[in-house]
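Single chain ahead, by itself, as structure tokens, in the form predicted alone.
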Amino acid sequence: MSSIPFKTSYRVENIVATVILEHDLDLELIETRIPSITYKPDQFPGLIFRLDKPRATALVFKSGKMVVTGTKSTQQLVEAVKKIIKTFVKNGVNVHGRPRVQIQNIVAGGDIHAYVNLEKAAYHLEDSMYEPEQFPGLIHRMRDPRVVLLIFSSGKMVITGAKEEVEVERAVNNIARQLYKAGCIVGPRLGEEE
């Protein structure tokens, strides 16, 4: 693994996860017991449960399945799920068994702190698409880890499709190495020279 002469960074922006309880939930009961919940079954079959700390939103369905979104780390996700379950139990909603939590998608921002020649990158990177008339970024489907990166000429990028936070870091470092090795790095951004 060769090193690169510039730094990389990333920040998780959103985690989407499913949570499965082993039983059905009475959404009408939950709505009457927890005032901060939004439930309009004529518009949407689930109820919406918003948390302030950690900041997250859960879509809760009668089947006992939930979609939790908005957290920025796995730790925050676990805290949010625990808080939702505790709130249910505290308000007389029967919850038994251990919830199964599965991350479906992590969206993150990445940065290699250097300019990238996207034309050259599109030529050298397999599974890439670059059509600047359509979209200003290069779309790269990375195989390991299995993620999609939107790479911009500024060296900034959006990473999506990761299932673990460590995959985001690996993806940013992998793409930085590939771009450097292929000679696609134009140079450091102004004020970021080492």
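The first residue of the shown sequence is 1; numbering continues from there. This structure is a prediction, so every number in the text was calculated from the model and none was measured. For clarity, a rigid core is taken as the largest C-alpha set superposing within 1.5 Å between two forms.
Beyond what is shown, the protein has a form predicted together with the DNA; the following relates to that form.
S.K.: Is it true that Arg50, Ser63 and Arg141, all three, sit within 4.5 Å of the DNA in the predicted bound form, judged by heavy atoms?
M.R.: Judged in the predicted bound form, Arg50, Ser63 and Arg141 all sit within 4.5 Å of the DNA.
S.K.: Give a yes or no for Asn91: in the predicted bound form, does one of its heavy atoms lie within 4.5 Å of a heavy atom belonging to the DNA?
M.R.: No, no contact at 4.5 Å.
S.K.: Considering non-hydrogen atoms and a 4.5 Å limit, does the DNA approach Asn14 in the predicted bound form?
M.R.: Looking in the predicted bound form, residue contacts with the DNA include Asn14, since a heavy atom lies within 4.5 Å.
S.K.: Heavy atom to heavy atom, is Tyr39 within 4.5 Å of the DNA in the predicted bound form?
M.R.: Judged by the heavy-atom cut-off of 4.5 Å, Tyr39 is well away from the DNA in the predicted bound form.
S.K.: With a 4.5 Å heavy atom cut-off, would you call Ser73 a contact of the DNA in the predicted bound form?
M.R.: Ser73 lies outside the contact set for the DNA.
S.K.: Cα of Leu51 displaced 2 Å or more between the shown form and the other one, core superposed?
M.R.: Yes: Leu51 shifts by at least 2 Å between the shown form and the other one.
S.K.: Relative to the superposed rigid core, does Leu27 relocate between the shown form and the other one - that is, does its Cα move 2 Å or more?
M.R.: Comparing the forms between the shown form and the other one, which are aligned on their rigid core, Leu27 does shift its C-alpha by 2 Å or more.
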